[in-house]
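Shown below, as structure tokens, is a lone chain in the form predicted on its own; questions about how it binds or moves come after it.
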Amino acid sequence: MERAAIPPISSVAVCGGTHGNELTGVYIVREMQKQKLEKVGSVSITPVLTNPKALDVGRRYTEMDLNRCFTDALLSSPITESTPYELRRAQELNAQLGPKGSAEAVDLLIDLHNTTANMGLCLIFYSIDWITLHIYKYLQNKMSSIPVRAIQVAVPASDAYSLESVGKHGFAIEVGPQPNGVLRADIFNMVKEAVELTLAWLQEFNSGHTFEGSTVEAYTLVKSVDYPRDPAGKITAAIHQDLQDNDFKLLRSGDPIFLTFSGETLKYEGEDLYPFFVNECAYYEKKIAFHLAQKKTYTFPSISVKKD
């Protein structure tokens, strides 16, 4: 692949608290604000607490999930007296950091999240983007003592529903396991290091360093699996202990996935895929027990900053 020349990344938004009970990003953003971190070398930094009302009450959201409010349709919907707070807030954030899909949008948007699932450190993104893949490879190389993975959610840009889709480039950093409403020092330091390394990569890139092409593995979402339910919609089983905490371990047909409350083991049927967000607390309301993904290898070219 030929080397690609890409415009400099001169503006970055670091966001936390999109879900008000996921505290790692909240405290990283607060510390950046306290330190008045507005510029690192050639990169301007905008730290943003994204859902202050949910943060104040210690909940994921107050009326609707803010991280599902950034589709083109929702961002362009009219505001009325009955519009939920999170949709109003999404349009405010889009005006501040976007508009989504425009030349005025922030160059890179990083949204910091926690999960109750045993997923280590994951980057989540929509498009296969050279900048994102290079940063992902850089984090893998620099943070070799922990698992660093990536998840791609392949939907059209207009249907991309989460905050990172507002930037020209963007990804979420999802780290766990961490309970809702809890701050863990090890995970805080892990995410802090990932953000600092990302800013360091941007400095090298903007200064003219050429990053060589390579390959990475990433997980592409295929489908979601719900819990077994009775006719009234109540769940009738828990995640099987052999699946619990085994995110990204290949799931094969015949492997146990649920244990019913009467003691029956239910087994997986289907193609071999990789589970993630296994038993994520916030997904009970979304009727998701876990997601399943294919693992793919992506090749990307050498890149350097585009000269004027």
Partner chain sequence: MSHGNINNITARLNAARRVAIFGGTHGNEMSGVTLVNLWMQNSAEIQRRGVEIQPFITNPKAVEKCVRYVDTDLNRAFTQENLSVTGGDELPYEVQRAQEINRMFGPKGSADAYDVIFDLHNTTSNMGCTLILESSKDAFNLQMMNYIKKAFAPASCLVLLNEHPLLKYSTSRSVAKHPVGLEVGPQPQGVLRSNIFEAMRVILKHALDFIELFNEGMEFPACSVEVFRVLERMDYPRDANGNIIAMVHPNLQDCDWEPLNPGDPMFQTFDGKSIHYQGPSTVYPTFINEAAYYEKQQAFVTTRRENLLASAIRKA
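Note that the coordinates shown come from a computational prediction; the quantities given were computed from them, not determined experimentally. Numbering follows the first chain given and starts at 1.
Keep in mind that the form predicted in complex with its partner chain is not shown, yet the notes after this line are about it.
Here the chain stands alone, but in the predicted complex its contact with its partner chain, taken as any heavy atom within 4.5 Å, falls in 238-246 among 238-246, 266-274, 63-71, 41-49. Residue-level contacts in the predicted complex: of 155, 128, 183, 225, one residue has a heavy atom within 4.5 Å of its partner chain, and it is 183. A heavy atom within 4.5 Å of its partner chain in the predicted complex is found for one listed residue only; from 159, 230, 217, 212, this is 230. For the chain shown alone, residue 53 is not a contact residue for its partner chain in the predicted complex, no non-hydrogen atom being within 4.5 angstroms. Put simply, residue 116 is close to its partner chain in the predicted complex: some heavy atom of it is within 4.5 Å. Among residues of the shown chain, residue 207 is not one whose heavy atoms approach its partner chain to within 4.5 Å in the predicted complex. In the predicted complex, its partner chain sits beyond 4.5 Å of every heavy atom of residue 36. Residues are counted as partner-facing when one of their heavy atoms sits within 4.5 Å of its partner chain in the predicted complex; in 269-291 these are 279, 281, 284, in sequence order.
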